[in-house]
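Next up: the same protein chain in two forms, each one alone, written as structure tokens (structure 1, then structure 2).
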Structure 1
């Protein structure tokens, strides 16, 4: 059979498989059209700016999931690390100053990632179990820490408020941080040796080890990087919410996993990328707006939200896996 004899459906499937971002972007456009039909006039400059502002922390936390999922892992402690970084910054700023508080906060998040990396790389604990356990331990430590600083007051640095809630020329200031972050991550995952090692370990860890890859070094670096990203996300989210709490970023944990999966990153490793995750975060943000407009109760909203995620993921895999 020649190329011209190939059925149109097969050609479309091959095009989608070669360009996995296309179906995601088409789905995002379709959802925006449906949202506009549900509430004419809602898609305007102000709404788009607010949607991007809300999607940025989700997309950044989803970077932790994307990178770890490329190796067949996951980071369920990312939301906890982000929460700790935000809470430590807000409570230490009045005591030791903003720069030192931010440094301590990011160091705490990096330490969580380093512990995860040690458990996964050296102790060979499954990433799901390791990051879940580390997250629970870190949450307990945060509760203990909170008892010592409960009377010291909190302070949210002005530059975080500027990043989280401010706008310049109608665009959220968070893009000042997010755009370089996204460009660096997308470039790094494909153009650097570290990025290629993530795909190699996710595709076939045994073959990668036989090729001379020191997997333990990669895992240590990967989960430490994930902790740092989560810490930075927590700082940005603190500026957006402007209210430190012991559960600040925890509600973003599972949506961050969903954004990576909807964006085409395989939970089995070796396939996906951060560009798709960004679109996945935007898709989830639009879906959240749609469910809010329907005035659904929280329970029904969670059920429908989960079903939509499963349906979108199944459809995406069917399109991109077609040969």
Structure 2
């Protein structure tokens, strides 16, 4: 190793920036070790398959956060969009058939995203406030909708149950959906013009503008895409939980933000990517298992996740700030 005059903090920052996955995977392995030490024998094939099964919807919802966070935004309506998609599918399937129900469900989620995109892109409302607001309205719509369909009964399409809970050669079937999804996203964020623009807008909106990027086009498309991803996540989660409820995916909202942040995506934009988010989702799943084993109450879990978000963000500023 050569001796340089770079302070160690900056060196660590550089290393983390260049290879964000390495420390994350090390952390994941360390947490797994700790879990095994707490409760010897807990980690086996069955537990692993189960953990992956639970982590998949979280990782998919965290994709919404990752993509929006790359531009310096956030999507707090993702959990609501997922819930609505799930509820609509379950209630409409007996009425209009599975394919039509799924199409309507995803369209609803996309509509939520479109409204977010309109507010963020055209009206320049902060994404946090905008997505919080559409989430609230959408929840109201769901409650109204519920009163009309309450008597029709629900049906959960078989293929969603297969995807959500089934296992093939010991691996959860959800991977059939998730692996192509993840590959597409990781490839697309680097190798498509749209992906590049997400990073560009998050790094320096003004520079992107001077290079001829019309930001509103990107934001509008991005938030619509985020809505669609949330909708698909909702379908998968419906298959996993198997009972539609009015707050189905809402408990995933906070962990999805935390997974993206832990996975190395900067909440200020311009840095990170989906690969890290997947590891982040796995880390949070293991962490949740540990907290459950320790009989930690829900309140403690929220405090911990909040502090993780704050600490990682503050650390990020410390590591990258040179002035």
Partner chain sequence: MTRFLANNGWTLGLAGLLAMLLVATKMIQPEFGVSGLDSLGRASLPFALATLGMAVVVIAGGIDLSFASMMAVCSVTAALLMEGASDGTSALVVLAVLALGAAMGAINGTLIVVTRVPDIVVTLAMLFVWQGTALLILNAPGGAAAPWLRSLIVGGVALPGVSPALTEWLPKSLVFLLACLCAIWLPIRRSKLGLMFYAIGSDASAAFRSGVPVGRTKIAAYAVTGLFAALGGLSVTMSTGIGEPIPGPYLLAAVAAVVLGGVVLGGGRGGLLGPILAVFVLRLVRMDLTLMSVDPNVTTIVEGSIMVVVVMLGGVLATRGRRT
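For the two forms, the rigid core is made up of the largest set of C-alpha atoms that agree within 1.5 Å on superposition. Bear in mind that the values here come from a model prediction, so they are computed numbers and not experimental data. Positions refer to the first chain, counted from 1.
Have a look at both and say which one is the form predicted together with its partner chain. Looking at both, the form predicted together with its partner chain is number 2.
Aligned on the rigid core, do the two forms place the Cα of residue 296 2 Å or more apart, comparing between structure 1 and structure 2? It does shift by 2 Å or more.
Any chance the CA of residue 310 moves 2 angstroms or more between structure 1 and structure 2, core superposed? Residue 310 C-alpha, core-superposed: shift of 2 Å or more.
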